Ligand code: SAJ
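Only one chain is included here, represented as C-alpha cells and corresponding to the form predicted on its own.
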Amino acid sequence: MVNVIGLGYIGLPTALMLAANGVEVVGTDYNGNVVEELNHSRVTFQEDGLLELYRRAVEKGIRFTTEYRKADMYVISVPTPYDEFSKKVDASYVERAVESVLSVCPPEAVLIIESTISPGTIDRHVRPIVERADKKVHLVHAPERIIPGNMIYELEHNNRTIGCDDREVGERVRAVYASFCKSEITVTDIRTAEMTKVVENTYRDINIAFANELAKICRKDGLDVYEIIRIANKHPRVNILTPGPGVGGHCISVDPWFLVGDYPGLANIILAARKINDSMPEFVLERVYGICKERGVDISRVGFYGMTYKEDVDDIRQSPTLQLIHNMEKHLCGHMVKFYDPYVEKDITPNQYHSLDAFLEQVDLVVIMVGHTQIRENLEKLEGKLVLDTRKVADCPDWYTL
C-alpha cells in the first residue's frame, strides 16, 4: 500500500493516478476540509481531467483521511517554500511529514520525497530525523514534474527521476511509478535527483529573464521587442521566449532561490535572472502609470485581467498579479484599481469582480496579465478600451505592449 502525504496540486493527482492504475492508495492531508471535500466526491481545485481521474480512483478503492497510515511506501508531497531573507529552502513541512511517517511506518518502509528541495536537503534535514528515530527505512527522492493545466497528461508522459541510496529500492519505486508513467524513468543517487529538478526550473527562469530584459531594453530605445524576437528566432540555433509580466507558480519562481541561498557568490547569473523576473510586475506598473498619464485615464478606471500565475488554471501562487498588488500597496493605490479572473472565485483583494462584463463596464484601461482562453475568445468585448497586453494574446496595432 502507498500512503500519499499532502493532497494539494501535486499530491492529489499523484494519489489519484496511482489508485486509478491499480495501486492501493490512502491519501492523507492535515487539512480536514480538504479530506471532507474529497470524501464527498468534490475535487479541491480545477484541472482538466481531474474529476474523471478522481472517479476512476474511487472505483479502485482510494481512501482519504487526516491520519497517517501503516504502508509499504509513503509519497511525501508537501510545500517547500524558501526563506525570503536567506533564500534557503524551508524544509519544515517535509521534516514534520517525515516525523509523522516514522511514528507509524513499519521497518523497511520506503519514504519518497516528491517535494522539490535544494541539493543536500535530504542529507541535512531528513536523515538526522531518521537517525534520531533509530528506524530502518529507505529514503528516495522522486521530484514531481507536472504543471497545472496539463497535470494528467504530464503525469503519464513526462520523464521521471528516482534518486535513491539502494539501487534495488530504486527499482521497486520505479515499478510503482511505471504503473502510470509511460516515459523514461531514470534511477540515480539522491543528490543528483535533488540538483536535477532545481536545475530544470532554473534553466527556464534564466531564459524567461533574457526575454524580459530584452523587453526593457527595447522599450528604452523605442524598438518592437516582439518583431526583434520573431526575426532572431529564424536563426536555427536561437529560440528566444516571449516576455511577460513576471514569473509565478511554486516552481520557477521559487526553486532558483535554493541555488542562490546554498551557493552564494557562485549563482550569479541565477541571481540576476531572479531579480529581473521579480522586477517585471513593477515594470508593468510603470507602463500603466505612463499610459494613464498619456491618455488621461484615472487610476480608478484601470482593471487588471488575470490573477493566476498562468492561463486556464486557478493556481494563484506567486502570481505576477499578486506581486503587482503588493507593489501597488506600497504606492497606496492598490484599493483603487479593479481585478478580475474567471478562475478565482474567492475574493483576495478589494475591487475584485466575478463577471467579465461587469468588470469591463468599470474600466477604461484593461491590463491583460494572463492569457486565459476566455479573453482570447472575447476580444471583441475590448473594443473601445485601452489595452496593455503583457501576454501578447493578440496582434492588435492599437494595443499597448511591454
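Here the structure is a predicted model, which means the values were calculated and not measured. The first residue of the sequence shown is number 1, and the count goes up from there.
One more form of this protein, predicted together with the ligand, exists but is not displayed; see below.
With the ligand omitted here, the record of contacts in the model of the complex names 197-205 of 84-92, 297-305, 182-190, 197-205, defined by a heavy atom within 4.5 Å. For Pro256, no non-hydrogen atom is located within 4.5 Å of the ligand in the model of the complex, even though that partner is not displayed. When the ligand is considered in the model of the complex, Glu144 lines it closely, a heavy atom lying within 4.5 Å. Taking non-hydrogen atoms only, Ser100 never approaches the ligand to within 4.5 angstroms in the model of the complex. The closest non-hydrogen atom of Ile113 lies beyond 4.5 Å of the ligand in the model of the complex.
Every residue in the set Pro148, Gly248 and Ile252 has a non-hydrogen atom no more than 4.5 Å from the ligand in the model of the complex. This chain is displayed alone, yet in the model of the complex one of Ile291, Ile316, Ala272, Leu241 has a heavy atom within 4.5 Å of the ligand; that residue is Leu241. Residue in contact with the ligand in the model of the complex (any heavy atom within 4.5 Å), chosen from Lys310, His125, His138, Arg160: Lys310.
Of all the residues from 383-402, the single one having a non-hydrogen atom no more than 4.5 Å from the ligand in the model of the complex is Arg391.
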